[in-house]
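Form predicted alone, single chain, as structure tokens, below.
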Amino acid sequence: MQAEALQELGQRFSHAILARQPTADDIPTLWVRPTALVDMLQALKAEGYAMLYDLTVIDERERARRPAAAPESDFTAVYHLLSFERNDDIRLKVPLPGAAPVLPSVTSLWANANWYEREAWDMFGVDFEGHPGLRRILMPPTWEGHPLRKDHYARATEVEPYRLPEEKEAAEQEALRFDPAAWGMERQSADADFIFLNLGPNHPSTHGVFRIVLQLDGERIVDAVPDIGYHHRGAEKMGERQTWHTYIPYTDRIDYLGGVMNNLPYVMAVEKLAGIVVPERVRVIRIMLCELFRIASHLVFYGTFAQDLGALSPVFYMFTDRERVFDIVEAICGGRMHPSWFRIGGVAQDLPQGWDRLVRDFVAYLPPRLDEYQRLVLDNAIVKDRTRDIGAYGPAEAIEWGVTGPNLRATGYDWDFRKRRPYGGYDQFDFEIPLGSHGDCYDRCLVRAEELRQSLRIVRQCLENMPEGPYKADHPLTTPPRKEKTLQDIETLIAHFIGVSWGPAIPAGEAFVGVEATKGSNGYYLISDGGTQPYRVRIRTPSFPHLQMIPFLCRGLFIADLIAILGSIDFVMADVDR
């Protein structure tokens, strides 16, 4: 945040600001009184902090090394705001005492606050007064407790074995009974009755275990209610029980089409906490692998989007090309979809002999194929008729709903974190940012199709300009150290043993790192208490706010239009539910 803007905010709300907290990520972090929260957020939004980028909670009750400036609290609500105008962020933290914390809802300020507040209530038990429908969102309606609280068990072995007596089964079945009024649906007139259709939770066009309850007038959609949580695995809870290193494979499974792209924001956030600077070769290797996975993910989108619209041939061609990407990934990393190859301070091992030949062949092979896909899909008259002016929105609406990535750029809004906030070395690369103009289903596909070409352009530059040097930082908190060093001195061998056995102890602090992932902005907000495990792991995924927008996009359209909209969003349910 610009210094003058922060100073002005401090003067205007001097009575409400409790403290300013320094953080490892240098994002201005202000502790504010709950009574002034809504007014401060409203003022910040008016000052250009237009996006509620994330909203989460921290259970502070077991934290040993809280920041010196932090006021006493049992729980802390964290609001992360993003300003595109200022290219800046601000974080507001609200101390919440007691076992049943309460805050005012901010759904009147941001549409996407609805799901974030529901998640905070579901996971932590924070009540938001004025919320239009505060109910479970990721957990089943019969779940007892709030799973991300520190006193909630992390493993099934910590509780009695699961049993399902008849009375419990009957109660569970009753809880599944659909009540339209409880879901916020209303009759259209006194003499009209509800007509419902369940799309999912198992349906090819939902691209995962995901349910949408549709209220229909004939085939026209009157209302839609997305129902998520079927894929929830407690990824954030697992992050708080694993060591810093052993959690890396879990990150691959968030956007499971993004591979090592998921590793990147996590390891970069840990590196920021630990003060680790990676070698130049590591930066270029990471970018090359990330862009290869962007290509693989976009090929899945491209083919399945066409398949959703009834064009069956493209998906077979594109999945074949995706296998070529995985051949390169396997040759370099040893794994294909989930190689878990990035490490804190570097990568798992150096590039193998012959990697350059594989990459050179691929960047020469794919461009003519993309030309063919342009003719097959984007130039197809039926595809154009099915997708143009369907599910359209503008930049202001996208920002209001927390939309990032290609879905934001499809509106013509020129924002890509690789360009606007270059991270990991992207400022050294020459590439363009494809933009749409209408923000409809067609443009969302068009942007991704052009991004395939730009990713190839980046990969080619990595191939031609790969620097020499080590593949891991020379830092005691990057484990394991290079093998040749462990064979030369006992101190390095001991550090290796401790690092592998218990993992590194990361200095206490907080840091957030976000990247331009395959489906939008993906980021990790990590809190260290100075130990070998994270105290809090918050995963901000792009698909979560994107799905919340579905009712806004599809009201008044037909069921077939909803299928096109779902395909154009390009979501992964593991990215939504975590």
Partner chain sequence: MSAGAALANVFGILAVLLTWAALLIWVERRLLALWQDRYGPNRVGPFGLLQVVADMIKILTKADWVPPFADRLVFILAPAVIVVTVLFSFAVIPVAPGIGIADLDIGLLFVLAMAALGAYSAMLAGWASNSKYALLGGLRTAAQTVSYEVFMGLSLMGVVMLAGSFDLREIVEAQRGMWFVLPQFIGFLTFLAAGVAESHRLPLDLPEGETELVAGYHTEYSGMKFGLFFVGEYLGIILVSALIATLFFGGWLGPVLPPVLWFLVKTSVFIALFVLLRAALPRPRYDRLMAFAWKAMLPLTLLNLVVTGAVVLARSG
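Positions refer to the first chain, counted from 1. It should be emphasised that the depicted structure is a prediction, and the values quoted were computed from it without experimental measurement.
Here the subject shifts to the form predicted in complex with its partner chain, a form of this protein not shown in this document.
Considering its partner chain in the model of the complex, the lone stretch of 73-81, 336-344, 203-211, 263-271 in range is 203-211 [heavy atom distance within 4.5 Å]. Between its partner chain and the residues 308, 119, 443, 89, the one pair within 4.5 Å by heavy atoms in the model of the complex involves 308.
Out of the listed residues 396, 182, 277, 382, 382 is the one that sits within 4.5 Å of its partner chain in the model of the complex by at least one heavy atom. Contact annotation: residue 218 falls within 4.5 Å of its partner chain in the model of the complex, judged by heavy atom distances. Contact annotation: residue 17 falls outside 4.5 Å of its partner chain in the model of the complex, judged by heavy atom distances. Interface residue remark: residue 197 is counted as part of the site for its partner chain in the model of the complex, having a heavy atom within 4.5 Å.
For residue 554, no non-hydrogen atom is located within 4.5 Å of its partner chain in the model of the complex, even though that partner is not displayed.
At a distance of at most 4.5 angstroms from its partner chain in the model of the complex, all three residues 316, 560 and 563 contribute at least one non-hydrogen atom.
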